[in-house]
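Quick setup: one chain, the form predicted on its own, written in structure tokens, and binding and motion questions come after.
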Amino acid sequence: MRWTAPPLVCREAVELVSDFLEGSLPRRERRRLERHLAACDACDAYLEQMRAVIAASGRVTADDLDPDVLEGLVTLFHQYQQES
């Protein structure tokens, strides 16, 4: 009998979207996400929104940001991680 990973919940799917769009998601996780997206209209819409944001904003690197802005973003990210 082959082990199958449990289905993703929406919160997990949202956390994987960046890696999915960058092409860095491992194959097993990519397939789990694709199955979830096929069944979840809300997460599929979120993925399309992220694609639209990326297309509209282009690519921003850390070097493009003012150091204070970068520090603020990193602080917000750490706060988000602590709340999760």
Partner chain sequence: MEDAELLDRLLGGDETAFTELVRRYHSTLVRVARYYVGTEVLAEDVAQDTWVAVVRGLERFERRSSFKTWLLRICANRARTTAVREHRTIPADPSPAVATVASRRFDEGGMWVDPPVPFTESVEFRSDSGALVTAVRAAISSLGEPQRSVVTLRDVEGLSSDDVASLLGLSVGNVRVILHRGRARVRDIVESSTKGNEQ
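Numbering follows the first chain given and starts at 1. Whichever C-alpha set is largest while still superposing within 1.5 Å between the two forms counts as the rigid core. No experiment lies behind these values; they were computed from the predicted model shown.
Another form exists, predicted in complex with its partner chain; not displayed. Remarks below refer to it.
Enquirer: Residue 28 near its partner chain in the predicted complex, any heavy atom under 4.5 Å?
Expert: It does not: once its partner chain is placed as it appears in the predicted complex, residue 28 has no heavy atom within 4.5 Å of it.
Enquirer: Is there any non-hydrogen atom of residue 33 lying within 4.5 Å of its partner chain in the predicted complex?
Expert: Outside the cut-off, so no.
Enquirer: Using a 4.5 Å heavy atom cut-off, state whether residue 39 contacts its partner chain in the predicted complex.
Expert: Because no heavy atom of residue 39 falls inside 4.5 Å of its partner chain in the predicted complex, the answer is no.
Enquirer: Core aligned, does the CA of residue 10 move at least 2 Å between the shown form and the other one?
Expert: Comparing the forms between the shown form and the other one, which are aligned on their rigid core, residue 10 does not shift its C-alpha by 2 Å or more.
Enquirer: Can a Cα shift of no less than 2 Å be assigned to residue 70 between the shown form and the other one, given superposition on the rigid core?
Expert: Yes, its C-alpha moves 2 Å or more.
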